[in-house]
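Next up: just one chain, as C-alpha cells, the form predicted on its own.
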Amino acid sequence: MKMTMNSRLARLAPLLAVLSSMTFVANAATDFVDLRHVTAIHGDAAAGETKVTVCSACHGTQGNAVVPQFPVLAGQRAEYIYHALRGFQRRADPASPMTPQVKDLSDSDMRNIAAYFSAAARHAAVPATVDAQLANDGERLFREGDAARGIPPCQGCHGVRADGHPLSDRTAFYRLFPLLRGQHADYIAARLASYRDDKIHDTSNARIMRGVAQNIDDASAKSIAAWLSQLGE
C-alpha cells in the first residue's frame, strides 16, 4: 500500500508543478493579461470572411494551412483565436509577420475573424512521413507525461483526443486551450520551445504553459508534435 501511495504521488508531481505555476500567476505583479475570467466570443463569420483574404497567404484557404511553419486555424476555438490576435496587436513585435496584419484591426474585426475561422471546416494537416517510434514516444508524453522529468500530461488541458479541454462546452476559459490534433508538427514544436524559453509570457495562460513546457527538451517537443500532426480530423 505504501508503494502504491508513493507511485500515485510520483504521478501527481507534474500536475502539482502546474498548480504551483498557476499560483505564481495569481500572485505575480499585474504585468500580464489575466485570462481566467474571459467571456464567450461571438462574431459575424460573414463579416470576418471579408477580412481574411491576406491571411490565406500563410494560413491557407479557410485557415487550412499547408506551410508547416504556420498553424491550421480552421475549426479552432473562437476564444483562442481572438485572444491570440489581441496578443499580437498588444505586443506589436516588429519581428513578427503578424504585427502589420493586426495593427489596424478593430475589436469587432478580431471577433469576426475568430468567428469565421472557428466555423470553417477543418482539414488535418498532411504531415511528412512520421517515424513510428517518435510518434509513440509523443503519444506517451501527451497522454501520461513524464513524472521523473516533471512533464505533466498534455491531455489534462488539451483533451485525450487533442481536440480541446473536456469542459470547453461549459466555460469560455477552457476554450483558450486549443485543439491540437492534425496541427503542423513544425509549428507545435516551435510553439513549445517558445513557451519553454519564456518568449511568450504576457498572459496568465502563457505563464501556465511556461511551467508546463520548462522541462520539455527539443527531442520531446518533436515527438509530441509528430504524434499530433498525424492525427486525423
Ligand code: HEC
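So that there is no doubt, residue numbering starts at 1 and follows the sequence shown. Not measured: the values here are computed from a predicted model.
The same protein has a further form, the form predicted in complex with this ligand, not shown here; the description that follows concerns it.
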is_contact(M98, this ligand) in the model of the complex, heavy atom dist at most 4.5 Å: yes
4.5 angstroms heavy atom contact with this ligand in the model of the complex for P178: yes
Partner proximity in the model of the complex: T39 to this ligand, non-hydrogen atom cutoff 4.5 Å: no
Partner contact for C55 in the model of the complex: this ligand, 4.5 angstroms, heavy atom: yes
Triplet L73, Y80 and V212 all within 4.5 Å of this ligand in the model of the complex via a heavy atom: yes
Residue (of L85, A147, A120, A135) lying close to this ligand in the model of the complex, criterion heavy atoms within 4.5 Å: L85
Residues within 4.5 Å of this ligand in the model of the complex, restricted to 178 to 199 and counted by heavy atom: P178, L180, Q183, Y187, I188, R191, L192, Y195
